[in-house]
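Taking the form predicted on its own, here's one chain by itself in structure tokens.
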């Protein structure tokens, strides 16, 4: 008799865990002890489910690095007890959380699947039931007694994505996420079809959980007409160690002297600047156009095809682990968790 897979379900909050209060009509978190009642199909899964609900469920707009570390520690504490993990999470910042966990969970060899919904699980047309049931199936899936998925992923609307490659692009449709620069990892239809060539390969190393992040970063998004005062205010913000520079197209920016001078001054002061494209798809390529040559000359680091969400998490992770500028640059240019194409 095949042993049942054990999956730990961690509930942080978000739309998926909401239902309408009979008295007020407001959406409120439901008691997770009632999950079986809301989704009776769970009893038919050949999976042993364990539940860890947050004492105070949170809207994902309130997500903080401290919660990412809390989640990483929860997974570390329960790593030997489960074959996989499913994290229920609000969709608005899910890509940030998935990216952060990918860096915090080093040598991960079990699935950590984040999912949620656009409609509360207590509504008739909810997308939450299918998202949750399939996420659990993926977290429990094994081939030759080994987990099929061994990385941090997002499952949403029939598709499994590498978490640190995702971006929420739609707040209206059930298909809320994109992974423009990396193929999907699985497609769920009548069966779940895994794209094995795209999945991270497992290793035999022990899980190493990092518990430090440095949030002294900022995002400077360029736009036509941005003023010198705005640029310098962000570059000179107190305590800032790194800036994500969201540029045009393949990494292009203004060639105005004041702008290049401001970038040069910030870098000479020791601030790390990572160039990330504003486009959903494509990559930063310094020197492809003359409008990015000045950035490269100043010492701005090209972020390749990293998403802004992954860039935020990666910078926080790297800054927390080293203060050596050359090492920081090396790590930002390296593919640490499948987050960029090099």
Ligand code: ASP
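Numbering follows the first chain given and starts at 1. It should be emphasised that the depicted structure is a prediction, and the values quoted were computed from it without experimental measurement.
One more form of this protein, predicted together with the ligand, exists but is not displayed; see below.
Only one of 200, 241, 168, 110 lies close to the ligand in the predicted bound form, with a heavy atom inside 4.5 Å, and it is 168.
In terms of contact with the ligand in the predicted bound form, the residue from 131, 91, 179, 102 that brings a heavy atom within 4.5 Å is 91. Contact between residue 9 and the ligand in the predicted bound form is not found at the 4.5 Å heavy atom cutoff. Using a 4.5 angstroms limit between non-hydrogen atoms, residue 18 touches the ligand in the predicted bound form. Contact annotation: residue 117 falls within 4.5 Å of the ligand in the predicted bound form, judged by heavy atom distances.
Taking the partner from the other structure, the ligand in the predicted bound form has no heavy atom within 4.5 Å of any heavy atom of residue 308.
Only one of 58-66, 273-281, 291-299, 42-50 places residue heavy atoms within 4.5 angstroms of the ligand in the predicted bound form, namely 58-66.
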